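This document starts with one chain, in the form predicted alone, laid out as structure tokens.
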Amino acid sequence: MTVLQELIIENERQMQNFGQKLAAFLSKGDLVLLNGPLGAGKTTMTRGIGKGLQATGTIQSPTFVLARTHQTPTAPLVHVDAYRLGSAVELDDLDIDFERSIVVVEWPRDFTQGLSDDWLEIEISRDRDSDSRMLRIKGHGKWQERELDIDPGN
């Protein structure tokens, strides 16, 4: 595991901008894990990823349906909310084609072990005083060799 980038996100717009710019680094077979407390911006970041990938449909939290698939010009974007899942078996039961999709998992816990040798993990922490977010982006497998320097802008 390699820390690729750490940065401060000041607002919702920057979180979405970050996701949109991150999308340029993603391709079929990529797995992105989003960790952070409720309201940290995981779904907002995923909206940005969807925008950057030109995904169809509205990207919203898949809490009750567990996973939503959005078509893009390159590969399906699968947005998973693992919060209500009880085990890795339940995640596997969703029959997600990890090899042919770009998969973003919110609340992954340890449910993703064995799904891929390569993944990008983003930890989001929230400053209670300023409401800003700190992103810590870690690469596993092939992501350890990549350079990631994303400026979320305004």
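None of the values given here were measured: they were computed from a predicted structure. Start at 1 and count along the sequence shown; that's the residue number.
Below, we refer to the form predicted together with adenosine-5'-diphosphate, which is not included among the displayed structures.
- Contact check for residue 122: no non-hydrogen atom falls within 4.5 Å of adenosine-5'-diphosphate in the predicted bound form.
- In the predicted bound form, adenosine-5'-diphosphate sits within 4.5 Å of a heavy atom of residue 39.
- adenosine-5'-diphosphate is not shown here, but in the predicted bound form it comes within 4.5 Å of a heavy atom of residue 131.
- In the predicted bound form, adenosine-5'-diphosphate sits within 4.5 Å of a heavy atom of residue 106.
- In short, of 66 to 74, 94 to 102, 23 to 31, 40 to 48 it is 40 to 48 that has heavy atoms within 4.5 Å of adenosine-5'-diphosphate in the predicted bound form.
- For the partner-free chain shown, 9, 10, 11, 12, 15 of 1 to 29 come within 4.5 angstroms of adenosine-5'-diphosphate in the predicted bound form, judged by any non-hydrogen atom.
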